[in-house]
Structure formats: C-alpha cells, structure tokens
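Same chain, two versions here, written out as structure tokens and called structure 1 and structure 2.
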Structure 1
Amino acid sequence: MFLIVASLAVFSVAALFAVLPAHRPVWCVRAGIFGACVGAAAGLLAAVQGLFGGSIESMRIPWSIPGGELHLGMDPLSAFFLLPITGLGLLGAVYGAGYQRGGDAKKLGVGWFHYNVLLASMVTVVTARNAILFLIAWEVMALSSFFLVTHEHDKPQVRAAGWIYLVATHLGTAFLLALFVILGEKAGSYEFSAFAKAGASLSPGLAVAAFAFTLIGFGTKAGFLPLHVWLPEAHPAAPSHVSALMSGVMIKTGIYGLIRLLACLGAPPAWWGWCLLAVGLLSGVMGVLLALSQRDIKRLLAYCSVENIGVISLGLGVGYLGLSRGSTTMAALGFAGALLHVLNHAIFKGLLFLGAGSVLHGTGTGDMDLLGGLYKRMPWTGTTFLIGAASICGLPPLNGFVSEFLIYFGAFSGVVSTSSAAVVSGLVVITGLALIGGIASATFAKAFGGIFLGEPRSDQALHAHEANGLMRWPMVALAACCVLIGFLAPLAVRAVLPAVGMIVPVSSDALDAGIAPAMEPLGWITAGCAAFAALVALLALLRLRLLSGRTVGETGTWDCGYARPTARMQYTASSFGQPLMAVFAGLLGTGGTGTAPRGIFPAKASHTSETPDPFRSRFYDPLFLRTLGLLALFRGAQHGRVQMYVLYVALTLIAFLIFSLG
C-alpha cells in the first residue's frame, strides 16, 4: 500500500511543480515529467508486488463526505489493471518528453499537470474500494483527459472533439451514478464490499436495471458500440503519447469497472454472457470495418481500439457463460483471455500510437494516402510499428495471438461439449474472431504498407525524419514486450491467473485445474513459435548462402513493361482497402463524390470517398438535433436578466417548501 500512496503523492507534487509560476518554466516541465516517471515506476512496483505477492491489502482513512471514505485496496485484479496503467504511463512520459521537445514550456507545463493528474486518477480508480471515492476519481480522470484532448485547443476540430468527449463521458457517469444509488440504497453503505452483499438480493427488475446501467455506464468509457462515437474523435485529437495512454489504458478502466461491479451483482445468469457476446461481436466487427475505412492513421487506431474492446468483451462473454454453466474451464479461459488481451492491447496499441506520433512528428501528416516509403527514412519507427501491427492482428508468434488463442480455446471447448447453447456461443465467438482477425490483417497491412512501404507519395513523406532517442526507446521497449509475451505464453497466463481468481469464485487449485487443458497447448505453442523462428533464421541463412557469389542486381520495380512509373501510380492505402469495404458497403455507408474519366483521352478526373461513422450520422446526430429543437422551447426563459434568475431561484425554493410541508 505504501507504494501506491507514494506514487499518488509523487504524481500530485509533480503536477503542482509543472504549473509553478517559475522563472525558468522548462525546469517545471522537466519536474512534471520526472515526477510522472517516478510515480509511475512506484505504481509499477506496487502492481508487480500485488500481482505476485498475493496479499490483499487495504487502507482506510475517514472522510468528511457523507458515505465516502478514503478506502484504497489492492488485490490481484487491481494490480493487474495497474500494470498497464503505470507501465504505459511511464513509457508515455518518456516519449512525451521527446515528442514535445522545444515546445512552448508554459503550455506544456499545463499538459504535464493534467498528465500527472490523469495517472493519479487512474491509479485511484483501480484501487478505490468506496463508490464515492471511485466516482470522484472517475470524474477527475474524465476531466483531466478532457483537458489533455483539448491541449491544442486553437484548432476547431480539437475543440469539437473535446466537447463530444465531455458529453459522452458525462452521460456514462450519469448511468454509474444511478447504479451506485441503487446499490447504495440497498446496502446502506457505499463500500464496494457492502455492494457485494446487497447485489445478490436485488429484486429481478432492479437486477436487470443494475446490469444495464453497468454495461452502459462503463461501456461508454470502454467504447462499446454504439457508445463509441467519442473515441475516434477524442483519441486522435490528443498529443500522441496521451492518445496512447487514453486508447491503451484509460478505456480499460471501463472494463475494470465492468468486472468489479458485475462481481457485486450476484451469480451471473447466462444472459449476461449473451449480452457481452453480442456487444463484443458488434463492436469487434463494426470497429474493425470502420478502422479499415479510415485515411488518418490515428483515427484508424482509435477505431481499432473499439475492435479490441470487442474482442475483450467476447472473452468476458465466454467467461460469464462459463460461470453460469458451472464450467470452470470455459470461465477461466474466457476471463484469462480477456484480461491478457487488456494487457496486450495496452502494449501494442500504445506502441502503435507512439509510432503514429513519430510519423506525425517526422512528416507533419497522418494521412496515409500522402505517406509511403517511410521505412527507409524511419527504420526504428518502422520496425517497431511492424511488430505492433503484426501483434494487433493476432499473428503468432507475438502476444496478440496468445490472448486470442485463449478466447478461441474457451470457445472451442464449448463447441465440443454437448450443450447446444455452449456450441452456439462457441460458434459466435469463433466466427466473430476469425472475421475480425481477417479484416484486422487487411487494416494493418493497409496501414503499414501505406505509411512505410513503396515510394513517398508527397514531399512531407520524402523529407521525413526519424524519431529522436527519447521517443525511440519507449517504442523499442513495447515491441520487446510484444515478442516476449508471445514467446513466454505459459508464463504470461500464469501471471494473469491470480486476477482471474478474483472473478471466478473457486479455490486456486480448482482454477489451476480449470485452466490446465490450455497449459500444455500453450507450451506447444511456444515450441511451435520457437520452431518457426528457427526456420525463419535457417531459411534466411540458406537464402544468403544461395545468393552469395551470384549476381544480385538492383533496378526499378517491374511494372509489366511500363518504363516510367511514378510514386502517384502506386496503390494508395484507400484503394487497398476499397474492395473489402465494398463487401460490407451495406454496413458502412461509404459515400463518394467525384468525376469519372470519360472518353478516349480523358481530362482530369477525381474521386473522394468518405466513411462517416454510421452510428453518429444515422443515430446520434438526428437524436441530438431533435433534442436541441425540443430544448429551444425553453430558450425564452434564458434571456440574461439577473433579476429574473433570482426570481426563478426564489420560485423554486418556495415550490420545494410547499412540496415538503404540504
């Protein structure tokens, strides 16, 4: 517990230092960054200790707020979520130091203030054991990230993104408030431990409402479809190290909250699992399709987060179905897969956002149709981005494969069982994951190919420069994590097990027995991956050996006889994705404008295509427009005369008085 408190204290002090009105603001910024690093390192130690130490600690300090108590606790589940928060927080701070080198120190100081506050609030969110404290930390997290999103508030689209985010996150919080009121009323206390006792005795109607509120409230933060609309706006608007932090770990606090609160609602019925499967399938497939249709690399990555949240949700669905069926194996596999994917996604999504930041930094644009050929100019960024892209597609031998394998394994153990419900759920998961995986491969082949391969498509890409040292090392560290977890799959699963044990209410021996069917295959997977790596090395050697002493020439690309290809004739990222998008045109609603080439000697032709978020353009925009129209009725009451406002207040008070006395 000491380490947690220490890290919170360091974050607070560093936050204050960062905005101190000092003579040399650069030093304040450095203090802020240093504090973020130290605090995150302390938190990381606490997480490792909590995960492997196995002890459950807590700390309570009375608080004057009614129902509130400064009650922090540490158990394997908290520790597990703390791991990516602090780890990515640390690397993000290092990267940010390099990314913003030479910027306006005053403005940067404010940014680092919020960065520290965001880290502190996330640490508090996953360790809070009191609903009031949790909500306050949740709100601070939302606000600090809002200010980080609007860091470049001189751009109108950034301001718009900030507003969308603010509205969305508060709508989500409203549902959480309702949930906590329901549970608090029943329990007579706002302690999570009291919730756990009260949740089991809710009336059926209230239990359904509580589940729905949990799903909506936390789903908004996590980015479940169709509550995801803020995500692709807000994440790209923020500076890249902040995007990494938001997309990599902040949305995971939604998953944490979901797991923590669902544990308070009594034994899970099967329909929870079905709900999560449906949400996961929808988010996964639509998320990855929308990711495929983006031109901007950061928007692509943001939509891809929706997809990965969907994958996590599929895992959770398998887990809860396993719990409701009493199958420890299915439950353990589903939850282990989901939790490991939480960690993995933090790693590769962090890596990819940092890589996207380097591209932005080096070229000034994130439009994939204007980039190309960056690999030769930015080899570090390119190599690490490739590793991140391969792992996010779930390709062996990297970490994404391990977590998806666990979820698949849970689904297959349902398929070979005799219960039709289990078979059907398994099929849903298998089809969903396979489809998501295939489209994700297309998406990231498009992203990596469009940005790094081929010839530069614009001047910006031609004059790109590699990221500086401070930006480089965090990316290398994250890429190394991708490879390590991929090759040490059995160890990674062992590390997740204590956290799984917090969700699956069985003894640790029973849990071990439940996960045992997957442990031997995981060992085999490691062996297979090692064999694969060895074969790659052998074949590469063989190739070198064969080519040594022979003529190895260099020339232009063979373009079927056409002698003067230019960089603009390449397939762009957009054209690469178009055929697959066309298959799902009905879901995406991609629109295009332009003039087609006509005649034997066509004149200038053009084509622009755009895929607006279908949920936003078909659902939210009309909804909010209508609401706005409705609210316009009340605009007459809003006229700016102070006396009238005093009258409103007085009238309301009198009305309340009559109501309470009458």
Structure 2
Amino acid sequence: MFLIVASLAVFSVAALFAVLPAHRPVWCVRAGIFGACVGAAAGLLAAVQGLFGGSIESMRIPWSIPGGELHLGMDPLSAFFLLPITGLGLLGAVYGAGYQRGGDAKKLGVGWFHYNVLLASMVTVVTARNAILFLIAWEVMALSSFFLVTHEHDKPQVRAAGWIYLVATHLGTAFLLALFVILGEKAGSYEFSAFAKAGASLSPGLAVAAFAFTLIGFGTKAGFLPLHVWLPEAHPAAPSHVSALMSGVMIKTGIYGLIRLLACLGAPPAWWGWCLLAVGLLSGVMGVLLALSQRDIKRLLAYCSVENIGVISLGLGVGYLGLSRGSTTMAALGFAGALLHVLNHAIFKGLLFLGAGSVLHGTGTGDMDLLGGLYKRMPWTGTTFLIGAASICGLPPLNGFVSEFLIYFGAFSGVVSTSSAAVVSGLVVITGLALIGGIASATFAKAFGGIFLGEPRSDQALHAHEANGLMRWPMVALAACCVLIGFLAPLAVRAVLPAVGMIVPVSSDALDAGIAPAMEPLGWITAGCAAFAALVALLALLRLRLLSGRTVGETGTWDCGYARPTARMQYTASSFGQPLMAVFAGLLGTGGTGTAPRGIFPAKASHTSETPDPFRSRFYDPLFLRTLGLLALFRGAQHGRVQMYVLYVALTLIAFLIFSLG
C-alpha cells in the first residue's frame, strides 16, 4: 500500500502547489503537471504489482467520522481498474501540457489543481473498503470533474453542460446513499466486508431494491441509457485531455462500483443477467445510432462511450447469467471480455479524444462538415486516429477485437448449451454485438473520411497544423497499446484472469479451463494477423528497394471530366451517414429543413438535418419543465423576510419532534 499512499500524497501536494500564489504562475502549472505525472506513475506501478503480485493488501487508519475507519485495500479487481486510471492520467497530463501551452497560467493552475484532485479521488474510489470513505471520494470526484468540465465557464453552453452533469451525478449519488443505508442497517457496519456477509440475508424485496439502486446509482456515472444525458454535454465541453480521462476512465468507476457492490448482494439470480443484457443492448444500439447522427467530433465520441458501456454491460450480463446457471465457461468469458473491454475502451477512446483535441487545436473547429483533407497536413494525428477508429469498431488485429471476441464466444457457449434461456441470451448478445459493430464501422468511416480524407472544405482545414511533440507522443503510445494488445491477445486475456477470479468463485485452474475454448481460435486469429502484417511489411520493403533508384512523381487522378473540381463536389460527413440515418429516422426523430433545387440550373439548394437526443427531448426536458412549473407554485414563500424563514425552520423541527415522540 506504500505506493498507493505515495501516489495520493503526490497528487495532494501537486494540487496545492498548482494554486499557491506565486510571482511566476507558470511554475505552479508546471508543478501541477509534474505532480500528476509522478503520482500517476506511482499508482501505475502499484496497479501492476497488485494485479500480477497476487497479494491482497489493506491499510486501516482510525478517524473520528462515524461509520468506521479510513480503510484502503488493494486486490486484483482494484488493481485492474487502477491500470487505466493511472496510465491514462499520466498520458493525459503530458498531452495537456502541450494542448494548453501558452494559456493563462493562473486559470490553468486551477485546472491542474482539479486534475490532480480528480486523479486522487478516482484512486481512492477503487481502493476504498469503507462506504463512508467511498462516498466522500465519489463526491470529490464529481465536484472536481464538474470544475474541469466548466474550465471555459465564460461560454453559456459550457456552463449548461456543467450543471446538467452536476445534477445527474448527484441524482445517482442519492441512489447510492440509499443503497449504503440499506446494507449498513442490515450489516451494522459500513465496511464492504460486512456488506458481503449481510447482503445474502436481505429479504427478496430489499434485494430487488438494492440491485435497482446499485444499477441506477452506478449506471448514472457509467452512462447507461437512459441515464446518459449528461455525457454528450459534458465531454465536448471539457478540455480534450480531460474528456479523454472522463470518458476513458471516470465513467468506468461506475462499472467498478457495480461489480464491487453486486458481489455484496449474494449469489446472482438469472434476472440480474437479463437486466444487464437489456441495458447493454439499449445502450449499445442507441448510443452508436446517436453517434452516427452527430456532426461534432467530440459529441460523436461521447455517444460512442455510451455504446461501449453497452458492450461492457453485455459482457457482464453474459457473466452473471453464467454464474446463475453454474457455467464457468460462460461466466469466465463474459467477465473477461467485459473487464478487458474496460481497459481497451480506456485506451482507444482516450486515443480518439486526444486525436479530436489535436484536430481542434490544429483547425479551431470540431465540425466534421467543415473539415477534410487533414491527413496530408496532420499525418501523425491521422494515423493514430485511424488505429483508434479501427480498434473501436472491433476490427482485428487490434485490441477492441479481442475483448468483443471473448464476449461473442461466451454468448456462443450459451447458444450451444442445453438451456433454452442460455440459447436465447446468447442469440441476443451475438445479434446485438453484430449490429453495434456494423453501425460503429459506418460511424467511424464517416468520422475518419470526413475529417482526414478528401479536400479541405473550409479555411480552418486548409490551414491546419500538426500537433506539437507533447501532444503527439501520448497518441503514439496509446496507438501502440492498441496494436500490442491485439497481437499479444492470449497474454492480455490471461492478465485479466486475476481480476475475473475476484468475481467468479472458482480456482485459477477452473478459470483457465473456462476460457480455454476461446484461446485456441484467438491464438490462430492472432497468428494469422501477425503473418499478414509481416507479409505487408515485406512487400513494403520490397517496393522501397525496387523504387530506390527511380524517380517517383505525383500527379492527379482521373477527375471524371471535371476541369476544376471543388471540395463542394465531395461527400460531407453528414451526407455520408444520411442513407443509414434515414433507416432509423423514425426511431431517432431526425428532422430536417432546407431549400430544394428548382429548375434545370438551380442557383442554390440547402439541407440541414438535426437529430436531438430522444431521451432528453421526449422525457427529461418535459419532466423538468413540469417540475419547474410545480415548484413555481411555492415561489410566494420566497419573499425575503428572514423572520418567516426562521418560522419555517421552527415548524419543521416541531413536526419532527411530534413524529419522533409519536
């Protein structure tokens, strides 16, 4: 635990130095960046030791707060979630140093204060072993991320996004508070170890309520549909390295909490798995459809986070169904796929958000319809973004394929079983993953093509510039991780097994046997991809050798008879996705306005389409408007007379006393 304590101490000291008054504020910013890097490196080393060392450590310090003690612990599950938190936190700090270079040092110092606090709170969340400490760290995480989202608070849309996030995260916390009250009352303690002993003895009604509170409370942070509405607002508003950290790892604390607390509720019934399958299917399909409809690159990536949280939920559903029916293969593959996708999503989504930040930094806009032709101007960003896009689509031989393959194989093991319920669940997962993967491929063909291919559609794209070195190398490191995990897939799967063993109560030998059916085909696929990559590299070297003594020139391709083609003659990102969007327009409520072309030689024509989030426009907005109307009835009580306010308080206290005496 020494490294964890050291990491938290470094984050705390760096946060203080980042906001100390100084003659040269730039040194405060540098202290914040340096501390974030050092603290994250210490935490990363602790995560590696905890995951592969096999030991379970804890640290207890008495405190005066009611409900227990300051209790931190490290086991393989905590260590696994600590890997992406600290790894992406380190790379995000390096990237942020380049991304915000030249900004207002005083304002940036406050930002790095909250960045260090956010990292410290996330480390505490995944290592806390006491509910009170967990809730304190959870609240600090919510507040620090709120201030990071509202970093550019002079913009009205940023302030609106911050308040939506703050309201949503506190509604989720309210359900967690109710959950901990139920478990604490039953256990007589707020230690997670006591929860685990008491959870199995809950009455059926309380068990259902506890599961619902767990799913809603942690699902709000994770971004499950329909609890996701804060996510597409907050991620685009935050600085890009913060967006990468929030989307890549902060929402995964919701997955961690879900797994950790469900383990305290006893043996999982089958309906847990079915519930998670339904949530995962809804989140995955609707998330990727809403991503396809976006023009802003960061909003597209935010909705893709909802999609990938859905994929993780599908894996968890397969795992819990496997546990409920005693199938070690189904459980091991489902949980291994879900946990590995947690890590993989942190890698490729962090890479994609950093790539989007590079595009914003180099062009000043994230509107894909105004971009195009950036690959020639930003080759490093374009290449790494392409790797991340292929990874998120689940294409071999990259890391996204490996985790989705495990979930596919876990579902397939249910299809070939003798249980009709397992057959149905397997078919649901396989169909859902196939649909999600197909639409995701179209989404990122649109994103990469609209941003990097073709010709520039605006002056911003025409004068784009490549990212600086501090921004470039974190993207290269994440892209390399996408490739390495894909080519070392069998090793990556086995690295996840210690964390899976914390969920599936079987021996390590039984876990190995459970994942064995998937390992052989995965090994053959990996070997085939490696052979193909070697062949491509060999042909590229041969081409270079053959052309080494010859003059190589460039010329334009056939232009279809147009003497002077313009960028307006090529597809925009929106027009590329329109045929597929038309299929789902009724489901999503897509609308459009414009002027149709008239005459043989029309002078002008235009069309603008918009796809609002149906959950927000059809449910949340009407709900909150009605709530505001109801609360307006009580506005007369807010008259500004202090003596009347004191009377309200006194009447409330009297009512409580009467209730207590009664």
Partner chain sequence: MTLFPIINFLLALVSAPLLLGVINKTKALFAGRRGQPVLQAYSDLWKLLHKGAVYSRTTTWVFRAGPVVGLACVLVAAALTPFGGAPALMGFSGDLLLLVYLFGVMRFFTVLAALDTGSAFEGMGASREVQFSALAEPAFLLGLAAVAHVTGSFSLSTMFPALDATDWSQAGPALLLVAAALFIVFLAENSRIPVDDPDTHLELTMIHEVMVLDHGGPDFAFILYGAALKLWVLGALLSGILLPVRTGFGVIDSAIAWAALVALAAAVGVVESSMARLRLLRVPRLLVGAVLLSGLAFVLLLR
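The structure displayed is predicted, hence computed values, not measured ones. The first residue in the sequence of structure 1 is number 1, and each one after it adds one. Definition used throughout: the rigid core is the maximal C-alpha set that superposes within 1.5 Å between two forms.
Structure 1 or 2, which would you say is the form predicted in complex with its partner chain?
The form predicted in complex with its partner chain is shown as structure 1.
Would you say Ser203 moves between structure 1 and structure 2, meaning its CA shifts by 2 Å or more once the core is fitted?
Not so; Ser203 is displaced by less than 2 Å.
Superposing on the rigid core, I want to see if Pro156 changes position between structure 1 and structure 2 - specifically a Cα shift of 2 Å or more.
No, its C-alpha moves less than 2 Å.
Determine whether the C-alpha of Ile654 shifts by 2 Å or more between structure 1 and structure 2 once the rigid core is superposed.
It does, since the Ile654 C-alpha is displaced 2 Å or more between structure 1 and structure 2 after the core fit.
Rigid core superposed, Gly549 Cα shift between structure 1 and structure 2 in Å?
C-alpha shift for Gly549: 9.8 Å.
Rigid core superposed, I'd like the Cα shift of Gly599 between structure 1 and structure 2 in Å.
The shift comes out to 2.3 Å.
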